[in-house]
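Let's start with one chain on its own, the form predicted alone, as structure tokens.
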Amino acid sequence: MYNILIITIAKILNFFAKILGKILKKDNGNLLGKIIKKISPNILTKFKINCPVIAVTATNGKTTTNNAIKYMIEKNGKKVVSNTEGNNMETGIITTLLKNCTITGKIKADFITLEVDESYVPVVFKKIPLDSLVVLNFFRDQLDRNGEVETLILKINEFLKTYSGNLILNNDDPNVVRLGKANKNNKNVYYFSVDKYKYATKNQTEAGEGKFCPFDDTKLEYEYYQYSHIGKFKCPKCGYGDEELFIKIENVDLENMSFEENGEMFFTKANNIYTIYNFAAVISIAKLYNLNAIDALKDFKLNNGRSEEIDINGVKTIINLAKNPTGANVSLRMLNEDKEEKELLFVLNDNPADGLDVSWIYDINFETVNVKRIITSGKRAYDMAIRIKTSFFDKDNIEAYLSIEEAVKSLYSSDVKKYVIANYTALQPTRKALLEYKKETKKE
């Protein structure tokens, strides 16, 4: 009876939250969960879940991968409950389940897919069942909130010591592969990899974390780097990194947006290497659950600022999220691989959700950026402009605006191709400003 009462209260609150959200034009994806968790701290244990729960965690790529998995499963005719808006902490997951449960707490679905913040994996899955966990990567991110990468890895590793479900790991990230050794009795560990692509490098050219074997402290040897510390590595002493592969992506062709897996050709709407890694995880899930991924990946496109392409009055514009050095460097890599003339808008905030310390911008490779002009905006527009100036980029081609509207207006004073990079809290306001500019100027 108590459980029914709590869920009834949640349903009523959700009804009014929807109305408020429409009035304020704001998504309060965590609010319901925050309120109900205060009333019932163990609400997650009250849900009745009788279907596979698939979770995705990582520093970068959680939203894209989770949403692609959901899309792929739905393409196979199944009903899926998922936190597709990216509310990935405990309260966001509570909100998702409350919105999709019956009055008795039953989740009516064939699958539940969840994007989960790295630090919340042990918290959430001590309370709800977990069938499959995908781990994509670990990079340095928001040190003032998360601490060093090792701290997060150890938290998840401790949880995995008693976990015996499916564990799907990126074999090209030395920080991830080690998790497969957490529980020696778990026979359900699966590794995926992406073969060397056109722009892979012999030496590491971007900031990265995985340099030493976690088991004997020997320096890892790399055959090549795809980006950051992601690549083909091996410990020369113990052989760490030489795992049997469950999925291997080959013949990556970014120009034609295609790749192969086990002799099958996949076509996608993605032309960047890090999304190919996300899709390798999707294919791993498809194989585990006997689902078809080819048709889904051909159509899947995440239109929320993650490698999103939009047309602003005839000007091709690509928007991407970059909340840490790796995300920014991968975005710049994608920009540099594009041989067309282009300009860049980089928007940087320092709100609590972003991390208050923005010193990470000095690990961004602006020294190699190939653009005609760079505009900066956001709360830390001038910090970003100074960082770019220190990279010896022509100071006459750097513009800084605190107002995103002014920045966007200046950006479209020319008609060359645009790239837009924004960090976490800047992403959606920037996307909104771009779309509003498109709407306003179209009337003129």
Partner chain sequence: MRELKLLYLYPDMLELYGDYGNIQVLKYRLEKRNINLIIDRYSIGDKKPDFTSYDIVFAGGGADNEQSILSKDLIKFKDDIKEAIKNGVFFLLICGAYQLFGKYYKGVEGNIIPGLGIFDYYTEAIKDRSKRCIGNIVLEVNLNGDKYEVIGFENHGGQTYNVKNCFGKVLVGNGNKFEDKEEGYFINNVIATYLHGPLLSKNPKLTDYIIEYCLKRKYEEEIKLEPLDDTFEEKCREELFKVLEIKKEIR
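Numbering follows the first chain given and starts at 1. Here the structure is a predicted model, which means the values were calculated and not measured.
There is another form of this protein, the form predicted together with the partner chain, and it is not shown here; the text below is about that form.
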> Quick one: in the predicted complex, does every one of Asp357, Arg387 and Phe392 get a heavy atom within 4.5 Å of the partner chain?
Replying inline: yes
> Exactly one stretch in 396 to 404, 66 to 74, 413 to 421, 34 to 42 has heavy atoms within 4.5 Å of the partner chain in the predicted complex; which is it?
Replying inline: 396 to 404
> Among Lys219, Lys108, Lys372, Lys198, which has any heavy atom within 4.5 Å of the partner chain in the predicted complex?
Replying inline: Lys219
>> If the cut-off is 4.5 angstroms on heavy atoms, which of these, Asp131, Glu337, Glu243, Asp363, is the one near the partner chain in the predicted complex?
In response: Asp363
>> Taking any heavy atom pair closer than or equal to 4.5 Å as contact, tell me whether Lys211 reaches the partner chain in the predicted complex.
In response: yes
>> Taking the partner chain as it sits in the predicted complex, is Lys287 in contact with it (heavy atom to heavy atom, 4.5 Å or less)?
In response: no
> With the partner left out of view, is Arg140 within 4.5 angstroms of the partner chain in the predicted complex by any non-hydrogen atom?
Replying inline: yes
> Does at least one non-hydrogen atom of Asp311 fall within 4.5 angstroms of the partner chain in the predicted complex?
Replying inline: no
> In sequence order, which positions of 47 to 83 have a non-hydrogen atom within 4.5 Å of the partner chain in the predicted complex?
Replying inline: none
